[in-house]
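Next comes just one chain, in structure tokens: the form predicted alone.
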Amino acid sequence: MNTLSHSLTAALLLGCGFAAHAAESVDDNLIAQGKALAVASDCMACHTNTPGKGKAFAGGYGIASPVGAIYTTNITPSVKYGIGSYSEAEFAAALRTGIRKDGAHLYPAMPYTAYTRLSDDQIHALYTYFMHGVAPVDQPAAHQTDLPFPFNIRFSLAMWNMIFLDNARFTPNPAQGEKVNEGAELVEGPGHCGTCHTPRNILLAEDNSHFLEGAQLGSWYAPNITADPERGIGDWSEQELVSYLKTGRATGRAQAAGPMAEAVEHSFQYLTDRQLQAIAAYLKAAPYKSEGNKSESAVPREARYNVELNLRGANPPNVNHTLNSGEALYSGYCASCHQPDGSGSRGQEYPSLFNNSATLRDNPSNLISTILQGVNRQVGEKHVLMPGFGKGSYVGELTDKQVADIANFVLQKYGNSAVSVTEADVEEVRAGGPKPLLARAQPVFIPGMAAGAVIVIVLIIGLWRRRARRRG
């Protein structure tokens, strides 16, 4: 049994628990290995409609993709609605090549491009767990994927796979030690870190020439997690990386929100310290391409700028409509938690806005998304919550201009002052983030095909008439 399998079993024994209704004829240890692998693969986060209080692995969770919402499927052992009728070979084909039992292709929002690295033993353990350690849910997923033309033509993914799918198993690098190889196996395989953190090309395939160098992920930005000390996590210590993965927080560095908070909540917090240290060691050791230094303006211009000192007494008593600037909005909506000087709470449960990845990056998407959507993650018994101020907020909805004003105040006083946010930026993030060229071109596909068909018909008629004249 390989090192990863041992570690995954250990992760389960430390907190994942055994399946309640495993068949007597099935090895409980194998179910345990499969469950630990499922946790490391973060299957629960996507295949459980947690916001809709859905049942475990019953599907129906909407993944925001550039071409529309892709809803996950039921992967319980239900014969009618799930994967209960799958053979192990059919299960392996779905995980490694994205091809379902019925021959239809899965969208690569399901990270089969990473799961193809799983070994036969790991596939067997996963299959055993899902068939014997998961309760069947005999009902269809709450929502079904319905993408617009031409993205609804799943057969086109056969050509996509031919071009972009590297259907190969993980192979250790003999030049690296056991710890780094264990981390590589987790990052490149079940952890599928590249699915979010690697930029994509024009056809939305991962551009592995820039592996883990950061990518837009809808309204969020998955940052560069290479060992680049300027653009990535090269200046983080391994312990800071372990802490971030385990808790979603690295003091003075970053707080996990959005999709990363889901990964911490459903997956990373359950891995063993050995596994997390292996991931950190791999990320620190992996080669990277330097793109130059950070902007000099990334250092706050006015350390610990206190809004109250400037705003106190600025308006007469009982006057209305005073929240008319980024500074005043920060005081009214943010300072009670992040403090008037941006230093955060004493224990940093509410983090400092200095040395914070959301305020220092060149890309402000995460700062905007955090203001709009907030932070929500459960780690152990601790619930980390920051309310969002987007549509439907229970604490108060902010307009695009107000969000931009707050963001610009925070960037100027506490973060990267070289970056500015416009109302259009907020509107774009609120609508799901910037769309790639392929998604932007979708509305013209049908008219373009129709125009092409007309041109072909006209050419055929012209050729027919020319030949008719010659015969005449």
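Just count from 1 along the sequence shown to find any residue number. Keep in mind that this is a model prediction, so the values were computed, not measured.
The same protein has a further form, the form predicted together with a small molecule, not shown here; the description that follows concerns it.
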| query | finding |
| --- | --- |
| 4.5 Å heavy atom contact, residue 419 and the small molecule in the predicted complex | no |
| Residue 128, heavy atom within 4.5 angstroms of the small molecule in the predicted complex | no |
| Contact of residue 281 with the small molecule in the predicted complex (heavy atom, 4.5 Å) | no |
| Residue 134, heavy atom within 4.5 angstroms of the small molecule in the predicted complex | no |
| Heavy atom within 4.5 Å of the small molecule in the predicted complex - the one residue of 307, 141, 114, 222 that qualifies | 222 |
| Heavy atom within 4.5 Å of the small molecule in the predicted complex - the one residue of 288, 164, 333, 170 that qualifies | 333 |
